[in-house]
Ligand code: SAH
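Have a look below at one chain only, the form predicted on its own, in structure tokens format.
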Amino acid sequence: MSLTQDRPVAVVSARGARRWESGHPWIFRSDVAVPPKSDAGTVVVHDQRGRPLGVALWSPRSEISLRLLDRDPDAIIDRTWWITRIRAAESRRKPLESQTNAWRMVHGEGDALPSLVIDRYGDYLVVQLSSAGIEACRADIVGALAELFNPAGILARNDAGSREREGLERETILLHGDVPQEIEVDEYGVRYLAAPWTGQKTGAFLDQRENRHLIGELARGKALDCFSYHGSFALHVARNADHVTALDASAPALERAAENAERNGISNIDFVTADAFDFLRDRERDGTRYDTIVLDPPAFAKNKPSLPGAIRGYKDINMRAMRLLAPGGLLFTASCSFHLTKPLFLDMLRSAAADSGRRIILRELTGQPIDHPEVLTIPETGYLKGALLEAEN
């Protein structure tokens, strides 16, 4: 007898069923023909012919109503299920253990665990539960993490605005053990402090780890790190450059960056509080040249309507950075805006290069590291684009 009996059932349209068949885990409210008679949690999903399609997270108030968890409609989503799925995700991160003590252990839909993020900082875990369906599974998830890893503490950084669209409170709360205000991250030998309770994302920008290492190994001469925040790029660059200017609009962020530099015994970084656009314009005006430049701005395109303005902003800072490069100089530039797709990112760089008056060589394109997997059939799992550029003349 099927285990789907006596379990809440959602019936979806043919279009919703095709979406799962095409490899995307979301079914929107408009494709839920018959909603389940239950609160948020896990439900069995049928098509309109009564054929069971799998088990999904159910979010009654969300536009994304159903998120696929398991294609087996008889799957029981309990602590054992979470242990199996989380262990599989963690096993894919094994190569990172020799490089760092901090990585993303679960990247939501990228690891077939929709709306769940788990970041590891040494002995501590920081989780984000972004949907009402996943929130209903909190106890089993925390139990699975405790059993798998015996962490010193588990913190929930449930402060993202997306939770409000799910009918959930925004909160930062301790779920297990204790988690300190600051945790030291060791990344390819560079040490910095993550702030799990108050920092960006879950405490640090783990997704740029490989890009920081890349430009750090290649850096030389006079360097500039724009949008430096806590100095993670600048710390890597400073190991091979003669001198680094770390630039950010936030003085408190640069105070943390200076502390991180001291932690590494690095003394060749100057910290400058300024607007990056103004700074680049001023340096272009006075003829300053740099051998190494990093541009890692925040997401200019927060939504689709903001994309045209964001492209103009990205183009402007990249064009000016290109003009500031010494002959043979390197620019690493990135965008974390999901709406600025890879083709648009490259188009923007071509346009910036054309207007810079420089001959710019594309040396390498980068994406997300192995702990932030991008699934081809789920565009939402990919957002980070990077390019290593060289000025030939």
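Position 1 is the first residue in the sequence shown; the rest follow in order. If you're wondering where the values come from, they're calculated on a predicted model, not measured in any experiment.
Another form exists, predicted together with this ligand; not displayed. Remarks below refer to it.
- The stretch from 118-126, 147-155, 69-77, 248-256 that comes within 4.5 Å of this ligand in the model of the complex, counting heavy atoms only, is 248-256.
- Within this chain, Tyr229 lines the site of this ligand in the model of the complex, having a heavy atom no more than 4.5 Å away.
- Mapping the unseen interface onto this chain, Ala274 counts among the residues with a heavy atom inside 4.5 Å of this ligand in the model of the complex.
- Mapping the unseen interface onto this chain, Phe205 counts among the residues with a heavy atom inside 4.5 Å of this ligand in the model of the complex.
- Contact annotation for Asn268: none of its heavy atoms lies within 4.5 Å of this ligand in the model of the complex.
- For the candidate set Gln200, Asn303, Thr172, Gln181, a heavy atom within 4.5 Å of this ligand in the model of the complex is found for exactly one residue, namely Gln200.
- Proximity to this ligand in the model of the complex, defined as a heavy atom within 4.5 Å, holds among Glu166, Asp296, Asp111, Glu135 only for Asp296.
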